[in-house]
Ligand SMILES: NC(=O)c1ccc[n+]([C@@H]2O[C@H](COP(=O)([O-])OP(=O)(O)OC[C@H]3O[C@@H](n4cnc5c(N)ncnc54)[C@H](O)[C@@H]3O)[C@@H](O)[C@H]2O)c1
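The form predicted alone is given below as one chain in structure tokens.
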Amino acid sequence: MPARRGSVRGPRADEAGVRGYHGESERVSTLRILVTGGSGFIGRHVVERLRARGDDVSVVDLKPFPDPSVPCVVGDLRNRSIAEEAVTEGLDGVVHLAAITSVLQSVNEPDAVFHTNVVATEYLLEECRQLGVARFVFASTNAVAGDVGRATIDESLSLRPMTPYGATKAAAEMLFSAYASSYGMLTVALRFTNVYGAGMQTKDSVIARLMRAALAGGTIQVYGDGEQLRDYVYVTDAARAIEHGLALEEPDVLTIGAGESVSMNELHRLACEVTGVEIAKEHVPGKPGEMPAVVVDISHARATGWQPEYTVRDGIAATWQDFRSSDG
């Protein structure tokens, strides 16, 4: 491959060349940020948040960004030429959200998920290395830790993913660690729990299904006895975590969640309470290998200066308001 312009070794995280950041409260200039997967559910919130604070934001995604004023490279990052087109000289950082996130799809199509979640990530990192892009914030998942029963998940656990999806995120985290150590890139992996909230009408996650059932009078399926625990983080809290990750001064891994796990039965009760609809539910056999609980410790993220603003109830209420507004 022909040599790219710029440094072949990314600037150290403490060099003055990392423009605009001397701590989150002391931003001194507009930043140029690329958001991969920026046309998606989380991506749209991230782009809106970064633009609102004055950053120059571009997007690369399989589909165009809804606002044509946002520069967008449309294409598949598994094609290296798309990464080369999207990562340009003068970028201050990359927010990497583009991924196949379906656990079921990862089990059925592990090779496709590997190329999307790992190979495309390496293409982006290598483009950043060659052009001296110093900051890289990555959307990872608590699933890298695997099944720990009802124990608490934090950043100290060994990585033992149960699915190809979790394995690809763990592999990407190892790439970030290597690029941080070898080339001085400032890489931050954010291990998200279940992200939900405004704008998730097309998603197939459980809260979206609850909202649609409340609107249309449908039935929600509950696996097993419904006592399995999950942590749900509201999408604007997730977007704030990404903004926070861009401001950190050294490479890190942060667990990002609400810090409160609720059972499916409790989630159903909250949804009925918030919507005022007695949503019908049907208990069905549990999925083989389903984890009994996801309980996360977000104290490290809090120690770095981030914390969630939404409780699960408040987040469901905001999501319901958005669903009702979009329903006309």
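What you see is a predicted model; the values in this text were computed from it and never measured. Residue positions are given as counts along the sequence shown, with the first one as 1.
The same protein also has a form predicted in complex with this ligand, omitted here; what follows describes it.
- The candidate stretches are 156-164, 181-189, 210-218, 71-79, and the one lying within 4.5 Å of this ligand in the model of the complex by heavy atoms is 71-79.
- Taking the partner from the other structure, this ligand in the model of the complex has a heavy atom within 4.5 Å of a heavy atom of Gly40.
- For Val87, no non-hydrogen atom is located within 4.5 Å of this ligand in the model of the complex, even though that partner is not displayed.
- Contact check for Leu97: a heavy atom falls within 4.5 Å of this ligand in the model of the complex.
- Contact annotation: Arg53 falls outside 4.5 Å of this ligand in the model of the complex, judged by heavy atom distances.
- The partner is absent here, but in the model of the complex a heavy atom of Ala139, alone among Cys128, Val144, Ala258, Ala139, sits within 4.5 Å of this ligand.
- Site residues Thr101, Lys169 and Asn194 are all in contact with this ligand in the model of the complex, judged by any heavy atom within 4.5 Å.
- For the stretch 203-229, the set of residues having any non-hydrogen atom within 4.5 angstroms of this ligand in the model of the complex comprises only Lys203.
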